[in-house]
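One chain comes next, on its own, written out as structure tokens in the form predicted on its own.
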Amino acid sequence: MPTRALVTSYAQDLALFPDRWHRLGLVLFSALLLTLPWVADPRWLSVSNLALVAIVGSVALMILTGFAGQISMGHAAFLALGAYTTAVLGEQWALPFWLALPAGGAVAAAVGLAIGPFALRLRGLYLAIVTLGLVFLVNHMLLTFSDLTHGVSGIAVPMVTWFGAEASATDFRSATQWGGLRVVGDQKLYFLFLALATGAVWVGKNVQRSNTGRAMMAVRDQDLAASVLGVDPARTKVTAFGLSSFLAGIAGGMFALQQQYITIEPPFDLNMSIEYIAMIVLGGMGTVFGAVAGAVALVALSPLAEIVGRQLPLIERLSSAQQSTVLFSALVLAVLVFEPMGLLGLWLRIKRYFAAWPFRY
């Protein structure tokens, strides 16, 4: 059953917004996103910022696992590298955040490119074990260089906008008065993170449609057949690791800027890696839509899970974090049982219904 109108050319097939309904949806969705920071209370504005961070991180993991088929349990390591690079450059050298953020992505990408060759001989659970060890190795290195990272005590994350001795007076998170409009720090972060998340989604979508993305999917499905067809599996896997780790480093830097003070463990532990895997599974593997939908669902439903958890017997005795873990575990299991394609499958069902309406076939 088709889910969109018939296309007659490659240009129509590759168009991001092929018809007026897609463009109308884009306008309405953009209006909603731009209105949200002005109507949301501080708690939900903070949740929105974390959701945008999660979108960048989940798109990064989707490129590696969903497109290239490389199972990674070390996603938290790349986020930790990006977060601590951003924090150290801001605290030690007072670099502006717009330089520290890409530097964090570059450091994470360098480590990802170094790990990439291991994927040439390993696959499946064996590769997952290697990337799992990366989490503990990165955490150990961050604890060892305590002169830079301050070890277990954590590190503050300044967000200066320019160089110089007076950089501390130009904190991006301070409130700004524009005429009669007062913009607080979380609202400014929201618009910055929205731009970064939009860029990450645009990169992920274009990678998916490019020759590189098709090569990743060919290697994911059968690397031997892909090599016979002229695809270089080694270069494709290393490219996937490099691009994924760069975006993960950016997400880690965004998380550090949002939190303002970070420690090594938690949050950059195995639990964070599992959460990102749950995001792409919940949203739907192999698509950018799945990465975005899973990230938003997992982050936005966390406050609701705390409210529901307090009303349920037995679960109410657990801590708020444990309540969220139990409820989301049940949710992911239910999705895998009743809709293996995740939220993407539900969206396709809705599209098919309206595409065939008023008929049922």
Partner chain sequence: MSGLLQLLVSGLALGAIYALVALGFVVIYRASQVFNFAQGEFVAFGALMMVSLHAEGLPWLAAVALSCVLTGLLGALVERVLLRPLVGRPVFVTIILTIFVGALLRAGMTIAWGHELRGMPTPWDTMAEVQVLDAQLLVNSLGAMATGALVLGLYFVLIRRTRMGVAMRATASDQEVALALGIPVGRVFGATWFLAGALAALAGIFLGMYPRNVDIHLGFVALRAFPAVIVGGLDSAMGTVIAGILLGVLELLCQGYINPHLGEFGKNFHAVFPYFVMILFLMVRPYGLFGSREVERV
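Numbering follows the first chain given and starts at 1. Because the structure is a prediction, the values reported are computed rather than measured.
Omitted from view is the form predicted together with the partner chain, to which the following refers.
The putative spot formed by 65, 118 and 325 is fully lined by the partner chain in the model of the complex; each residue has a non-hydrogen atom within 4.5 angstroms of it. Contact with the partner chain in the model of the complex, defined as a heavy atom within 4.5 Å, holds for exactly one of 304, 330, 26, 34, namely 330. In terms of contact with the partner chain in the model of the complex, the residue from 337, 350, 11, 16 that brings a heavy atom within 4.5 Å is 337.
Although the partner is absent here, residue 242 sits far enough away that none of its heavy atoms falls within 4.5 Å of the partner chain in the model of the complex. Using a 4.5 Å cutoff between non-hydrogen atoms, residue 318 counts as a contact of the partner chain in the model of the complex. Using a 4.5 angstroms threshold between heavy atoms, residue 133 counts as touching the partner chain in the model of the complex. Mapping the unseen interface onto this chain, residue 123 counts among the residues with a heavy atom inside 4.5 Å of the partner chain in the model of the complex. Heavy atoms within 4.5 Å of the partner chain in the model of the complex are found in one stretch of 88 to 96, 67 to 75, 103 to 111, 200 to 208, which is 67 to 75. Residues 132, 133, 136, 137, 140, 141, 144, 146 of 131 to 150 are found to place at least one heavy atom within 4.5 Å of the partner chain in the model of the complex.
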